[in-house]
Every structure is written in structure tokens, then in C-alpha cells.
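Structure 1 and structure 2 below are the same protein chain in two forms, each given by itself as C-alpha cells.
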Structure 1
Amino acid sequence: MRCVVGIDLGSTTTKAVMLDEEGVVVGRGITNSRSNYEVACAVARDEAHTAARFAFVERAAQALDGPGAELARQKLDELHGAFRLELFLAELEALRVTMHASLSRSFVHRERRAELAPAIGAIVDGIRERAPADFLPGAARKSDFFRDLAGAAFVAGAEARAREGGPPFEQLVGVFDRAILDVETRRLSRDIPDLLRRASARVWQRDEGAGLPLRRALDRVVESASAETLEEIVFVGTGYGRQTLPFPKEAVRSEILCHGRGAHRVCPGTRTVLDIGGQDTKAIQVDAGGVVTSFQMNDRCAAGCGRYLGYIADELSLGLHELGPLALQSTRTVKVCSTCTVFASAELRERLALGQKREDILAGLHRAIMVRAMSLLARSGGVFDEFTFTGGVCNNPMAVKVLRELVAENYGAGVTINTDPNSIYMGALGAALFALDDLRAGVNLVTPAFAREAS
């Protein structure tokens, strides 16, 4: 299959969307943006590639008949989880090796090495042991990113160690922080067929009762999905870091255009788009064809963007996923003044010390952010029907709720507000649509090195 790829290199996350020649989405991938942009976009693309493979798996499973076919279909989610687990474990091992290596390299840690090394080994072993449970269908994970998952588990492990009289918490975490950087700036090669085989082995081994039929069925699915070719031919990049993408200038599009186009593709009635990402907020007006007619962005100061929520979550030792749901429990919104990312944590602490409730303060913080966004929208011309909310913060249910209220208060209840589970991919989708234009126009663009080497 021939595909085009759009990559949105954001300040916090990097997204990739693959379209086939008909413009149908075949895969989406996301990873956290890290210090090495090239790796970030390669990994996002790997993820999209993986997702596309899973689409093949799904298709193969649907086409399957014979003994074990039905059971194999039921096990698809589990297979997916097991696949993720394999990836996780591979990265975990890489992390382990890196941490040990950094112990001998860093002069800061060298003297305490004898004490730190065994503790680190034990923590990693513990994570390894508990990992499979996190990847069973239905298990609640705080994030999908290795950095977050491993980070949370490591911090918990380090805390426990420190409490039991092991090496100090901050030193352990320091080793992790250093090593995760290294791990993230390397791209682990992903042999998808092999990982699939191992994942499938995990699944049938777990269910001994099902026996050989399940194993055979899964094998067939895996083999047939692995056999399909996947060729990426045109790339277009966008996003905050797009200038640093390893793409030629012609293959880079403004994020404003991409977000507008992506949102319009998903919700064709869209006239106004609000995108709240990690470090910037954009308000975009598009015409009936998805062409941008005006826009405003907030990019000089990171106040009130996704990062802000990240800091708050850190401050409360919560996952980003948990922030919105907790705020939803509020009964009384506290008026919060700081939208400055740095001072917000201080204000949070101050208010907690005053005895105000976590959820009420959080509700206030969410409101403060959305009020800022409303004012940007007003600046760009207002809110028109239909209105589509995109970007990472759209995954936060409290943000969505507050936005709905504010739009109703200020622009009437008649405005349709679209959100989409794939909102975070709008920019990448828009970029992919531009790539499709290029493909159709016969523009012959160089594919980046990382894509050639992978396919």
C-alpha cells in the first residue's frame, strides 16, 4: 500500500497521520516531543506505522475463518496490549542499561555508585514484574508514553526504596532523569513482525485452555498482517518545531493551515477552530472549504496552555488524564488569578494551604485557561457555528465542559461544539491532506532518511 504521511511536531507531543491514496486514514501515531526532533518524528511515524499494521491485523482477523477464528477476534485487544507490553519491556531494558552506564560516567553519581546500582536494578525488576498487569485490556494507564509510565513507576519505586533506608530519593530520580533523556533520543528499532509474534505468544500462553486452534489462528493473522507492504511516499510536516524537521522547505506547512484543514476534514461544518496545545493556543476561522480566513495565536508566553496543566498535574502527583475528571467533581469554582505556568503551582500550593479543596482550585484553573482561550477566539473574530475544539487539551473533559459553558454564555446555546477522540491529530491530519495534494499534483518530494531506512 502506498501512503502519504503528515507529521505535526508539537512542543509537547509529536503526531503522525498516514493516509492511503484515497485519503483514508490508515494509521495515527503519537509520542512525546523530546530533545531530538528527528527521533521524535521518527517515533511518531513508527507509531503510525504500527497502528497501520494493527489495522491490517484487524482486517486479517475479520477475514479469518476456521477453528479458533472467533476466539482470536475476541483476543485482539489483548494482543494489542501484549504488543504494547513488548515495546515497553524493550525500552525498559534499554533504560536499565543506560542508567547503569550513566552511573559510571557521571562524576556526580560515581561515588555513590555502589549504593545506587543495586537499588536501580531492584526498582527496574519491580517495574518489569508489575508491567504485564498494566497492559491487560481495561487496565487504567496514566499515559501512553514510555517516559511517563516508566517515570511514574520509577518514582514510586524510588520513594519506597528511600523510605526503607535505601539511597536518597532525589539521587535515584536524578539517575533516571538523566538516563531517560538518552533513551528518548535514541530510536529503538522496531521489528514489528517479531514483536507481533511475541505478543501473540503471550496471548495464547495465557489462555492455555484455548490450545492449538487459538495459536494457529493468531499465527495466521500475524503472518498475513506482516506480509502486507506499506510504502510511504510523500511527507508534509507542520507544528511548532516544523522548521527543524528533516524535510525540504516545500514540504513544510504552517500549523494554522493544517489545523484548519484537519478540523474541517473531520467536521466539515467547521467554521471556527480552537486548538490548545502544549505551548500555544490558536484560534482559527475557516471558510466553507476549510481555507483559513483569519487566525490569532498566543505564543509569546506559555501561560494558560497545556504545559500549564502538566505542571499542575506534577504538583499534585497526578497523571494528565486524571486532572480533568478530578476538576469535574468540583462544587464551587475558586477564582484563580495566575495563568503563568510557573506561578500557578505556587498559587495552587498557597490555596491548598488555605484549606481550599483540590477539585475547586482545579476547576478555577481550568476556567482561567478557557477564559483566556475565549478571549483569543474573540480576537480572531468570534465563535461561529460549527465550532471545533482540537489539540491535546481537548482530551481534558473539564476543559471541554468549561468551554461549552463559556461558548453558550457568550455566543448562545445554538453553537454546535465538536470534539473528537482524535482531536490531537488534527494538525497532522491537515499536513497529510496537503501531502495528498502534493502527491496528486505529481510533486516529487524526497522522503526523509528515517522513512527510507525503515521501509
Structure 2
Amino acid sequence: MRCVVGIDLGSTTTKAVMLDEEGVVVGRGITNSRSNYEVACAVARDEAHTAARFAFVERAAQALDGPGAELARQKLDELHGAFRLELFLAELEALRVTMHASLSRSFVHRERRAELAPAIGAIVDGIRERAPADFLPGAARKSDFFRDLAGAAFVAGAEARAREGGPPFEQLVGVFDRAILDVETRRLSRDIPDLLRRASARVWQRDEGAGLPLRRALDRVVESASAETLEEIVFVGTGYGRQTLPFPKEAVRSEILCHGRGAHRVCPGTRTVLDIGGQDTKAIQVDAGGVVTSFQMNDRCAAGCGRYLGYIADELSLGLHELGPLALQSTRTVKVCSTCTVFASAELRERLALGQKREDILAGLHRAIMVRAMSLLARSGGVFDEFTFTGGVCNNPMAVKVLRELVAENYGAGVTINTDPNSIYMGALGAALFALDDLRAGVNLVTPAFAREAS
């Protein structure tokens, strides 16, 4: 299959979308942005590649017949979870090796090296033992990023070892912090056919009672999906960090154009787009063809963006995904004076000291953020039907609720407001659509080195 790839290098996450020659999405991938942007792009592209491979798995499963075919189709979610588990375990092993190597070279930890090494091994063993439960169908994981999952599990393990009289917590976590930076700036190789076979074996072992028909059916699915080819012809990049992308300048597009076009592709009636990302907010007007006619962006300050919400989450020791649901529990909205990250912690602590509830404060913070976004929309020309909300903050239910209220207050209740579960991919989708234009026009752009190395 020939395809094109769009990559959106954001300040917080890097996204990739893969389209076939007909413009159909065959894979999406996301990872946390890191200091090595080329690795971030490569990992996002690998994730999209993996998603495309699972699309082949699903197609092969639907074509199955004979003994075990229906049961194999029922096991697809479990197969996907087992595959993600195999990936996690491979990265965990790389982390283990890196931590031990770092410890062996460390001058700081030389006096406690003999005590730290077995403690680290025991913590990693515990993470490995508990990991399968996090990847079963229906399991609630706080994140899909390896750093988040491994970090939370390692910190919990380090706390337990320290309480039991083991090495100091700070020293254990210090070794982890040094090693995870090294692991994140390296791209681990993925033998997807081998990982799929191991995942298939894991699924079958959980349900050996189904017998050989299930195993043979799963093997047929895996072999069929592994035989499919993916030929990536054109890459186009965009995003907050687009100037640092390892692409030729001809393969880089404005994030305004990409977000407008991506939103219009998903919701063709779109005329106004609000994109709230990690570092900036964009209010965009598009015409009937998805072409940008005007736009406004916030200034350099990150107030009102995802980064600000992340800062508030850290202050409250919450996960970013927990802010919206908690704010929805508010019974009264506290008026927040500042959305500046510099002063936010002081105001937050002051209000908590006054006895105000966290959920009420968070409701006020969400309203302040969305009021700021509404001012950008007004400066860009206002809100027109249809209005599409994109970006990572679109997945925050409180932000969506407040936005709907503000749009109704200022522009009437008749405006259609679109949200989409894949809204965070809009910029990458727009980039992929521009790549498809280039493919159809016969533009021969250089394939990035990370894609050539993985081919």
C-alpha cells in the first residue's frame, strides 16, 4: 500500500497521521515530545505504522473462515492489548539495562551501588509482573506513554522499598530520572511481526481451553497482516516546532493551514475552528473549501493553553485527565483573577487556604481559560456555524461544557459545535492532506532519514 504521512510536532505531544492514496486514514500515532525532535517524529510515525498494521489485522480477521474464526475476531481487542504489553515490556527491559549501566558509571552513587542495583532490579521485576493487568481489555490506564506508566510504577516501587528499609527514595528515583532521558532520546527497534506473534501466543495462553483452532486462526491473522506492505511516499510536517523538523522546507506547512484543513476534512460544514494546544491557542476562519480566510493566535504567554492546565494539575497532584471531571463536580464557580502560570500557584494556594473547594476553583479556572479563547475568536471574526473545537484540550469535558455555554451566550444556541475523539490529530491530518496533494501533483520530496532507516 502506498501512503503519505503528516506529522505535527507540538510542544507537548507529537502526532502522525497516515493516509492511503484515496485519502483514507490508515493509521494514527502519538507520543510525548522530547528534547530530540527527530526521535519524537520517528516514534509518532512508528505508532501510526503500528496502527496501520492493526488495521490489516482487523481486515484479515474479518476475512477468516473455518474453525476458530469467530473466536479470533472476538479476541482482537485482547490481541491489541497484548501487543501494547509486549511493546511496554521491551521498553521496560531497555530501561532496566540503561539504569544498571548508568549506575555502574555513576560517581554520585558509588558508595551505595551494591544496595541500589538489586533494589532497582526488584522494582523493575515488580513492574513487569503487574504490567499485564494494565493492558487487558477495559483496563483504565492514566496514560499510554511509556514514560508516564513506567515513571508512576517506578516511583511507587521506590517508595515501598524505602519504607521497608531499602535505599533512599531520592537515590532510586535519581537513577530512574537519568536513565529515562537516555531511553527517550533513543529509538528502539520494532520487529512488528515478531511482536504480533508473541502477542498472539499470549492471547492463546490466556484461553487455552479454546484449543488449537483459536491459535491457528490467530496465527493466520498475524501472518496475513505481517505480509502487507506499507510504502510511505511523501511526508509533510507542521506544528509548534515545525522549524526544527528533519524535513526539507518544502515539506513544512503552517499549522494554521493544517488545523483548518484537518478540521474541515472531519467536519465539512466547518467555518470556525478553535484549536487549544499545549503552547498556543488558534482561532481560525475557513471557507467552504477549508481554506483559511483569517486567524488569530495568543501571544507568547501560555495562559489558557494545555501547558497551563498541566501546571495546575501538577500543583494539585492530579493527572491532567482528572481536571475536567473534577471541575464538573463544582457547585459554584469561583472567579479567578489570573490565568498567568507565574501567578497561578499563588492564587491557587490562597484560595485553597480560604477553604474553597478544588472543584469550584477548577471550574473558575476553566471558565477563565475559555473566556480568553472567546476573545481570540471575536478578534478573528467571531463564531460561524459550524464551529469545530480541536486540540488536546478538546478532550477536557469541562472545557467543552464552558465553551458551549459561552458560544450560546454570545452567538446564540443555534451554532453547531463539533468535537471529535481524534481532535488532537487535526494538525497532522491537515499535513497529511497536503502531502496527498503533493503526491497527486507528482512532487518528489525527500523521505526523512528516520523513515528510510525503518523501511
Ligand SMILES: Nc1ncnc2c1ncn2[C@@H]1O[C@H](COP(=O)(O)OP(=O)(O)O)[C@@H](O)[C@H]1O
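Fair warning: this is a prediction, and the values are worked out from it, not measured in the lab. Structure 1 provides the reference sequence; residues are numbered from 1 along it. Definition used throughout: the rigid core is the maximal C-alpha set that superposes within 1.5 Å between two forms.
Between the two copies of this chain, it is structure 2 that is the form predicted on its own.
The rigid-part assignment of A153 differs from that of V221 in the two-part motion between structures 1 and 2, each C-alpha going to the superposition fitting it better. Note on conformational change between structures 1 and 2: two rigid parts, with the smaller rotated by 6° relative to the larger (from C-alpha fits). Superposed on the rigid core, the forms differ at P168: its CA is offset by 3.5 Å between structures 1 and 2.
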